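Structure 1 and structure 2, given next as structure tokens, are two forms of the same protein chain, each shown alone.
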Structure 1
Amino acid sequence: MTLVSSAPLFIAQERGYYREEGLDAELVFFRAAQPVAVAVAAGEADFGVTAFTAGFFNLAGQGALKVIGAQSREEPGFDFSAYLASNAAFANGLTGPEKLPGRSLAITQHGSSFHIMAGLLARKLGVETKTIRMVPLETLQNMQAALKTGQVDAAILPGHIATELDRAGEAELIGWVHEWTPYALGGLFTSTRNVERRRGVVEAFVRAYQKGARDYHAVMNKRDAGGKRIFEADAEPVIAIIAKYTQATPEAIKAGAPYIDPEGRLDVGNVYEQVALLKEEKLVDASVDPARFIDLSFISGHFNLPR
């Protein structure tokens, strides 16, 4: 998908990192997250970058996919996804994410990233996920419509949409996901077949990806002394590359830029937790085992390794 989260791929392509590794890479874009994983599982693409969802875990759990690195993550200090309360619910006491249990929350679908964020929050608050009443509305537009009219008490939305709604007085921004549940948004993955038979290619690809991620990190993940996110002049070339692929304006790219780890390191323990909470809700099949679809051998220094 043409999202800023995929920036390391774009940078590696534009700056010739794949070529340096002897790879002739071609970027293929999909309009939704699921087909990315399906294409890799089916061997039509070799590598993929996408968000973690119950669907992804179900597919990966079949054994055809291996997660080998990180996409982006919710990192403390880096605004990305926000909790929003409808004006009515805010007036009625929904002033912070800790008050979400017992309220309704708009999401795209059961098992989506939004569902995972809500589930992680529930865990942190020590309540069951289902105490937050999730309302699937399929699209971000529908979620916004339901939030604006108070049909739902709350929604989790991308930061640039959230700040816009908050500024327009159409909803109330009540917190950022990174403040509550920093988490691994998605992963870099390849097919099991590639890991087993073309290890050299996978290693070369990961090196190129890491170079792209480092370039991104160097200029896009900066904060000033006060902790505020800043974009300096040196970010311009990277933003120009991202703009070329996403067709977004520089302002939109800055507003929607996630934190991307410079080495592609994954918060492994967090992925285990995601799978566990989705299993509890029967959205992920009981047979799915993260240990079998995460391959830690390509990147060193992954975080939070389970014993």
Structure 2
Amino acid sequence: MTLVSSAPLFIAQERGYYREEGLDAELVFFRAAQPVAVAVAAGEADFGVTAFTAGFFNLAGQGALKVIGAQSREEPGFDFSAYLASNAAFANGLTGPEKLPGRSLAITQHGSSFHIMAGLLARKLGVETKTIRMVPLETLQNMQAALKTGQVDAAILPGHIATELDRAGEAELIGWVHEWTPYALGGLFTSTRNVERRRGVVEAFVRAYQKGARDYHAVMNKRDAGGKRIFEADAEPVIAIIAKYTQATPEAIKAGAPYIDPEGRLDVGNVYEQVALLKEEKLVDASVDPARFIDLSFISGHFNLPR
């Protein structure tokens, strides 16, 4: 599935930024995050942009991958991932994310980005992650179906899906992840082999990626004087590019377009926090050290660096 969070890749391809850097880039899409990491580690793909997961961290921890930049992040004021309650659960008091402990929550799989979001919320609420009963359902489509039929109490879904479910009366939108736990959703990464043997190619790809990210930022991250997000006429060409790859409507894109850093800078400390959380839950090996797989040398200005 192609999501708006990978927009810099699409923009760079459509506007010829890879070609300008001397790269003949082909975009290859996968239906889940883990196969992206596996393909890059195996040398079947040169770069990857996807969400962080337990599987990703375990593979990176083995020395196969290097995170060199950011994908997107949950940033206050930018609706992206939403908490939804089933109609039955909402009627029974599930009116906000703080009431998720003791309830069931649809996720794709244990260790997924949805699991991480639930775990970060549990930490903020001061409870153990296991108090939120996570139900792995493999796909977003299965999650939606379980939510609409009341088989689960809640789900976390991308904003463009969440707003449509809420508008149709099929579920209740009860909050946004950025309001509770801003976090680094995913990263731009390559193989350790590429970093060591093809540094010039990696640098060229990063430059093209940053050009795409800057184009997105210029028109998609705008807010008015009151802090409300706005989409003006100059956003339409970028929205059209995103629609081409995601098959989403312009309205859906606007409803769930994440914050994307214009330089691809990473919230490094939050990646450390995600790894620590998943280690506590025995989903990431105790030997995994983010310092060994995060390479800060390709992009300047990464923030929240551990001391």
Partner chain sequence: MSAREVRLRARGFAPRRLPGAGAVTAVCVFAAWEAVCRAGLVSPFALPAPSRVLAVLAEMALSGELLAHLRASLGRLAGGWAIGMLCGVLAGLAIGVSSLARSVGLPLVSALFPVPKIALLPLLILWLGIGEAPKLATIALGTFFPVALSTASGVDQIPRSLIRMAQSFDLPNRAIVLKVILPGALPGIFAGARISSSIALVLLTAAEMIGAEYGIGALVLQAGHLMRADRLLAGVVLLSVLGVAIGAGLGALERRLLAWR
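Under this definition, the rigid core comprises the largest set of C-alpha atoms superposing within 1.5 Å between the forms. Here, a residue number simply tells you its place in the sequence of structure 1, counted from 1. Not measured: the values here are computed from a predicted model.
Structure 2, rather than structure 1, originates from the form predicted alone. Remark: with the core as the superposition reference, the CA shift of residue 235 between the two structures stays below 2 Å. In the core-superposed comparison between the two structures, residue 128 has its Cα shifted by at least 2 Å. Comparing the forms between the two structures on their rigid core, the Cα displacement of residue 174 reaches 2 Å or more. Its Cα shifted by 2.7 Å, residue 82 is compared between the two structures on a rigid core fit.
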